[in-house]
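Single chain ahead, written as structure tokens, the form predicted on its own.
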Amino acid sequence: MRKILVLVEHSGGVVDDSAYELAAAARNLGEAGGDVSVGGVVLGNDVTDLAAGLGAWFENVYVFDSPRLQVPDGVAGAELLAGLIEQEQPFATLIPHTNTGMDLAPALAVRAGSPLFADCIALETTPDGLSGVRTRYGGKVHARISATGDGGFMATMRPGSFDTGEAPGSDGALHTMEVPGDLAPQRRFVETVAPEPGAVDISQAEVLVAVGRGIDEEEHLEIIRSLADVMGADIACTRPVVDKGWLSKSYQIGTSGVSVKPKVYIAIGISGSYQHIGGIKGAPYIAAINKDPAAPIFGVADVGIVGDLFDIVPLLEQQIREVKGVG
């Protein structure tokens, strides 16, 4: 049976969705016709109860629970995970490509002597090893990277790139792991910088109204915000909008931005380049508004409206308000 380990991130007592995404991705790495055992690894302080709730997703849950792990520390985490990897000999270890993951993974790869696939948006086994896909040149190119061997691979995976699917419903076993008494932080915690007020995580949004270069001017964003408000949606954008400084990078969807998996996606003034479409995961209902009938976005949209967004968006908002009975 092939073993896969997944690092489970959490904050404020809540498991991050990346844990479920990587658990699903890990099950696709089983041997052809063979079984795969996926283990979740939880690091932190007072996290045993949190770890115990992961049994439906993982066959085994390994928890390192200690006050010395109160603050994420890549060096300390790498030391603990290296020991677990040596013990379990997994085929691969999957880590979210987040601030914590990017800090921990390189140190862990060196300690474990593992080849590291960084910032992958896809991962699959090959007859002689493992292959991953990552973006290059600002998302303009998808590069395939590979390594050969029987196992011991490591990868950081971009959150939002994989569907969680359904929990397999396993009755995972909880393993309390020893934290060495001489484990001491080598860094001094300074502070946690909270997101700016009003900032949202578009990777978790169920309804998105996204805008592209067709909006022309920054002040025109107000009609997009107004439509999003009446829909109860979050706004997002393409790279040109970010490059002009009209919205921050956290709102950019695409292979060089954020990967999203909404249920409904409204694309306004967006041409639909492959870099942008590459950031839309799952199978959302896509509605597109563009004055160019040949825009690539219409090739992936469930419904398309050809016309001037400045005429259509206010009419769409008006119709939604009437249906919802709001002024």
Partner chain sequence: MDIIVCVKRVPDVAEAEVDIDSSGRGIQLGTLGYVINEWDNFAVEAAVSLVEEHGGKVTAITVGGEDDEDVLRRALAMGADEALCLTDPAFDGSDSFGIANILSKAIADIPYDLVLTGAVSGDVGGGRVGPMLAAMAGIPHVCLATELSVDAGTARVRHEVEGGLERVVELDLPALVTVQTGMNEPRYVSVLGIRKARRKPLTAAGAAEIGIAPDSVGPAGTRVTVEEMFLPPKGEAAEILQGDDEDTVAALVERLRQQGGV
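Residue numbers count along the first chain shown, from 1. Throughout, rigid core stands for the largest set of C-alpha atoms superposing within 1.5 Å between the two forms. Given the structure is predicted, the values throughout are model-derived calculations rather than measurements.
What comes next is about the form predicted together with the partner chain, which is not displayed.
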Picking from S248, S226, S146, Q89, the single residue whose non-hydrogen atoms come within 4.5 angstroms of the partner chain in the predicted bound form is S146
For the interface check, one of 64-72, 37-45, 51-59, 22-30 should have non-hydrogen atoms within 4.5 Å of the partner chain in the predicted bound form; which one? 64-72
H220: heavy atom within 4.5 Å of the partner chain in the predicted bound form? no
Although the partner isn't part of this model, could you tell me whether I277 comes within 4.5 Å of the partner chain in the predicted bound form, counting any heavy atom of the residue? no
Report whether the minimum heavy atom distance between A109 and the partner chain in the predicted bound form is within 4.5 Å. yes
The partner chain contact in the predicted bound form: G282, any heavy atom under 4.5 Å: no
Within 4.5 Å of the partner chain in the predicted bound form: residues from 250-274 (heavy atom criterion): S256, V264, I266
Take the rigid core as the frame of reference and indicate whether the C-alpha of R68 shifts by 2 Å or more between the shown form and the other one. no
Any chance the CA of V300 moves 2 angstroms or more between the shown form and the other one, core superposed? yes
Residue shift check between the shown form and the other one, rigid core fit, R239 Cα at least 2 Å: yes
Indicate closer or farther: the Cα atoms of G165 and I266, in the predicted bound form, relative to the displayed form, with a change of 3 Å or more. farther
So the C-alpha spacing of T255 and G101 changes by 3 Å or more in the predicted bound form; is that change toward closer or farther than shown? closer
